[in-house]
Each structure stands twice: as C-alpha cells, then as structure tokens.
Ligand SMILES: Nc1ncnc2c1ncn2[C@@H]1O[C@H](COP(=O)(O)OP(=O)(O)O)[C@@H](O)[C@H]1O
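Single chain ahead, written as structure tokens, the form predicted on its own.
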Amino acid sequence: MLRISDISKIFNAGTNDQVRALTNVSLDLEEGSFLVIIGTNGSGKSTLLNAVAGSFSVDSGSLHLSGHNITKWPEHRRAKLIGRVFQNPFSGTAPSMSIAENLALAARRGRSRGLGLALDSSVREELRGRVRTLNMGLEDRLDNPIGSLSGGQRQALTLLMASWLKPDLLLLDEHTAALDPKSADQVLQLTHEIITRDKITTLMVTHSMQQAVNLGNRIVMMNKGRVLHDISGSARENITAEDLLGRFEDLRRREQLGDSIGGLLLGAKGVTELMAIFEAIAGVDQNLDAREIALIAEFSQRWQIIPPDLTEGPVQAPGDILALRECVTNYLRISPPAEQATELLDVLHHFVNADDMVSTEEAIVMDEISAMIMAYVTHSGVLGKHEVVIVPQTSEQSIAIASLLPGIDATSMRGGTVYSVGRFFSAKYAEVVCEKYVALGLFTTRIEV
C-alpha cells in the first residue's frame, strides 16, 4: 500500500541553520494497517508525515502509494489519494463557507468543482445523514459557517471530510493536540469508528503515549530523523503507555549522558564482576554489536585488565537474562559504593542504547536490574514483590527440582508444597523466569507478595 524507501531530507543545506530532518527512513504499510508515530519535538515524525503528503520534495529515496511512484508528485496531485487532518482545527476547511459547502467540496475531491450541482436536495440529505453519525447535533446546522463552530466540532467535521471518499491513505497530524480533553476523546472515538468501519490505511502522529497504545496496530518511535523502534505483532499487543514512557526515559538518559561515559566507573571496585555484567548485557538480545564490543574494550583499558575474547560471542549464553541478573547480584554482594552502583546504571544504559535500538529483552532486564540497583543504593531492603514458585506434580519432579535448585528447600504454601525460585522486582522479568521452568515441563507460577 505505502512504501517509504530510504528517504532523507535536509533543510537549509550548507548554511548555519542546516537541519537533517530525515535520514534514510524506510517503512512499509500494508493495506488496512494503522501506524502510530511517536517521538519528541524535532524527532522527525511530522516531517515524515509532510514528506508523504508532498509538502516538500525529499532529497533522496522514494515513496510509493497504491502502486504509484508519488515521489515527484506535487501535493495537490497526491491529495487525490490522501486524506489529511491537521493539528489546528481551523486548517483544512474554508471558514466562511457553510458546513454543507465544505463537505460538498470534500465529496468532489479530485473531480471538477461546482457547488450549484453539488448541493442538490439528494446530496444535502446524504450530507445530513453522514453528519448525524457524529452525534454532535450538527445535521440541522448545515448552512452555518464552519468557522463558527467549536474546535472539537470543526475537527470532527474535518475528519469526516478527509475520510469521505475512503482515501487510499489517511494522515492524522496530532489532530487532537489543540482540543480540550472532552473534545479530544470525542474525536478519538470518531477516529477509531471511521478507520475501523472503512478499513482505511492510516498514518497518525501523536505526542500521547496513551493514544499510541489505544489506537492502531503498530507503533514507530522516531528520534533525530530516524526510526528508533518499530513495534508490531505480539510486542504491540502487550505494550503499555508506561512501557513507551520508559523507552523515552532511556532515550533522555542516553542523550543526557552524551559523551560523559569517559568519567564513569573510574577506580571502580569489583572490576571482574563489572566486566561479567558488561559481557552479559551485551549479549542479552542475542546481538553483539560492534559498539558494545568497543565499550567493553574501553573499560578493559581503563581498568588495565585483559579484555575478554568476544570473537565467539559473549561468555554468557545469548539471551540469558537470568545469568545477567546473577552477575548483578554478585556485584552487589561485594558492597560497592552507592555512587559507583549508580554510575553502573548509567553505563548499562549506554550498552542497551549502543545500537540505537532497545530490544524487548534489554528493556525487560533493565527494568529488573535498575530496581535491584536502586534498592541497594537507597537501602530500602525491598526484595521484590513478584515471587516465582515451582509446584511439583510428582515425586520425580520434586527430585528434578531439587537438582535444578540446589540448596532450596521445599516450603508449604496454600496447602501444597512449592519451591521458591526467587523474588523479583519486575513482573515481566518474573514471567520470563516462569517460562524457563515451564519449558522444562514444570508447573511454575508468579505470585505477588
């Protein structure tokens, strides 16, 4: 349906005001999909939307829509295929013209104009029926100037206009950002109804994390003109607004740190334990990036120790986030200074952001070990509220569990016998622990304590 291939855009090239707005962005949208783009100010999300709309020409790359190469098409030609709703409720309409006249123009998009014929009695009845679906009482005010309406009413009508002819692609540019909360909720509900009913392929830009998780079937996070995260499938189904905010916090932390890693963990205590953590975090997503290897080499030189041989991959088994937690536990057992433990957390954020993509595995493990380190630093004494227990179903399983968890005694719980694997801070991390033992055929569950 929509194919964005390696597009780039620089504004004010060659001047002191040069801005690299988009850098080699590629995205594909299948027909009927609903993609939500999020990002901070200046991340490139609205620029990407404008590039698709044809508000400017891209410097390189190509755009295809519904089988057409629209890269060189002007904006007005693309409008035959694209519907758009702007952030400003007073954009995209003619304020001095009536509701009916504005809608009639939308109904004739891409065809010859002529309101005299467009507004005959049968057309007015169709307009009234469509406006009635908004549930705003505007069907009896078709002759009112659209400029006399509230922002929410006008934005609802603009959405109706943009989707009137079921465009090949609908662009929503923060279309509720300027509305009060009640009006925004009304417009969002209408957005969901129209897109779901008509199966319209949609590209929406928003600042709201809650909107991002409530709408659409795919989320893209942009930063500095690039795609940072592309979340779809089961990852999209399970993500929460808090998860997205956490990713923004990771991004903020990384940018705040900048090049300051040079001053972290100087004269560190427990360099052997720290290096084990670095190896484990580098391999937790089963992808040992060159920049992660460079970070390990930098700290090896700083501490004057022999760097590990990573030509065969990390020492820890790839993807073993349980081994990583054990590495952090071993480090905290040597009682490092609180300031050093805090610096470790900053360094770990460098590792997970080294390849400009925080994987699901990295996000889960960072939630857990961040809570571990902060509990240590603050002396809170909190052990985590998610306990993972294995419930043996046979005597043979009890023997097997005792072998898997040496030194762990069986305890009574709720009238049965269980073996406690441990207590964890993160629910998602605890679920991963459960999955490890379930895969071995053992009944395992997470209990909040």
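Everything numeric here is computed off the predicted structure, so don't read it as measured data. Just count from 1 along the sequence shown to find any residue number.
Below, we refer to the form predicted in complex with this ligand, which is not included among the displayed structures.
Checked against this ligand in the model of the complex, the residues 403, 412, 41, 395 give one hit for a heavy atom within 4.5 Å, which is 41. Note on the partner interface in the model of the complex: the residue among 420, 33, 46, 62 having a heavy atom within 4.5 angstroms of this ligand is 46. Contact annotation: this ligand lies within 4.5 Å of heavy atoms from the stretch 46-54 in the model of the complex, the single such stretch among 420-428, 385-393, 46-54, 65-73.
Interface membership of residue 25, defined by any non-hydrogen atom within 4.5 Å of this ligand in the model of the complex, is ruled out. A residue is said to contact a partner when one of its heavy atoms sits within 4.5 Å of a partner heavy atom; residue 433 fails this definition for this ligand in the model of the complex, lying far away. In the model of the complex, this ligand lies within 4.5 Å of some heavy atom of residue 19. Contacts of stretch 1-18 with this ligand in the model of the complex, defined by any heavy atom lying within 4.5 Å, are made by 11, 12, listed in sequence order.
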